[in-house]
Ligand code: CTP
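Only one chain is shown below, in structure tokens, and it's the form predicted alone.
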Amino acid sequence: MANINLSKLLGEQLPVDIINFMKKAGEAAEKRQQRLYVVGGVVRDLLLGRCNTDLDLVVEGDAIKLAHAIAASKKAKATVHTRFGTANLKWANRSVDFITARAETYARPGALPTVRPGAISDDLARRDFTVNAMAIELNPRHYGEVIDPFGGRQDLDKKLIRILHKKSFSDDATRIWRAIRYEQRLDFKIEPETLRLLKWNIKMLKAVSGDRIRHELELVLKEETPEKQLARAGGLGVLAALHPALKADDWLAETFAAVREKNLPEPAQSRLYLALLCYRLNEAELEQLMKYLRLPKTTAQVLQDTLAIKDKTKELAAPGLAPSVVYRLLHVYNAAAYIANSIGADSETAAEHIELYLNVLRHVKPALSGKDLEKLGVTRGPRIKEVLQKLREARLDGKVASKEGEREIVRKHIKSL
């Protein structure tokens, strides 16, 4: 395809402050005799007519020094990662990454790459797919010019996800998850030879650390409709490589849709998706998966609590349970686990009891405090906790509605002792 200049398209699709920033950054790079490019997702989405302000700027030269120079003039906060030759600038509600152009080599399949400084051609050659391997120059003399060495524009027109070389998936098998993610997000198709190589290299996922697989799964769960990516991963055998007991079926799609109806913020929504993805595992299978992914303690606790509540579904499914009994069954778990079970439970009655606890019962407390009980003559220590529990149950079951009513229960309790 012929070379094109996207300066007009940049001006039409991106916010004015982003355009001004890119132009000033290009001028700063020019003064330092460096070349500066915006790369990756922004270029792809620009050509697709999608607004993307998640800027990655690649510098032929020292990205950190250029970022510091721009930060001073912009009064932005710079966070530097010397080891990787990168810097992040933050100001107002904007964030931009500056990256030193580099080439990569892989010592062995699944290993993290060895990097060295390089040119923009090297940097684009290390990327995952043709549609993500394009750049737009920002230096004033060439502002808006597109660099597309692998035919990314053609693949955008054909709606194809294509790897850059035959060893792409074996070098880094996490690209298998990324291929699925982009295919489903963009409503594209994985190109036939890329799909053949993807299937052939599923076994290479075992060469990648659980941490890196977890990161890819987290990105999938942040997608608009992650059940699409998971269903595709299931159909290709990629989900089974994560754990053979995982399923991405109609039940998962329905429960994920129910999660979105709750309009939860991140990361609560993604954590709930994960809880439902793991909902049908048994305890041993869950432990195996959590160990492999090296899940953070808070996330692991949500998954364990989800299965613990699920194990109580039969008890919670009994009609006419007293509120105090519902409270006793549910009061020790993580809030996300309740929501997961209210969505995933196979008993409508159990789901109603969980919702009752989540929305009402967990907020019920006695009016009297521990000090109040001491004044009434309750012995300090375990007895206080026992009486407070008795008062809470009376409140839950509607047996008492006032502070004086609670005092009367305490007096009777002391008398009975």
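Just so it is clear, the model here is predicted, and its values are computed rather than measured. Sequential numbering from 1, following the sequence displayed.
What comes next is about the form predicted together with cytidine-5'-triphosphate (CTP), which does not appear here.
Asker: Name the stretch, out of 246 to 254, 319 to 327, 171 to 179, 82 to 90, where some heavy atom lies within 4.5 Å of cytidine-5'-triphosphate (CTP) in the predicted complex.
Answerer: Going through the listed ranges, the match is 171 to 179.
Asker: With the cut-off set at 4.5 Å between non-hydrogen atoms, does Pro366 touch cytidine-5'-triphosphate (CTP) in the predicted complex?
Answerer: No, Pro366 stays farther than 4.5 Å from cytidine-5'-triphosphate (CTP) in the predicted complex.
Asker: Is Arg127 part of the interface with cytidine-5'-triphosphate (CTP) in the predicted complex - any heavy atom within 4.5 Å?
Answerer: Contact with cytidine-5'-triphosphate (CTP), yes.
Asker: Whether Gly61 contacts cytidine-5'-triphosphate (CTP) in the predicted complex should be assessed with a 4.5 Å heavy atom distance threshold; does it?
Answerer: Outside the cut-off, so no.
Asker: May I ask you to check whether Gly370 falls inside a 4.5 Å heavy atom distance of cytidine-5'-triphosphate (CTP) in the predicted complex?
Answerer: No, Gly370 is distant from the partner.
Asker: Go through Arg185, His142, Lys203, Lys312 and name the one with a heavy atom inside 4.5 Å of cytidine-5'-triphosphate (CTP) in the predicted complex.
Answerer: It is Arg185 that has a heavy atom within 4.5 Å of the partner.
Asker: State the residue from Glu352, Asp56, Glu374, Glu27 whose non-hydrogen atoms include one within 4.5 Å of cytidine-5'-triphosphate (CTP) in the predicted complex.
Answerer: Of the listed residues, the single hit is Asp56.
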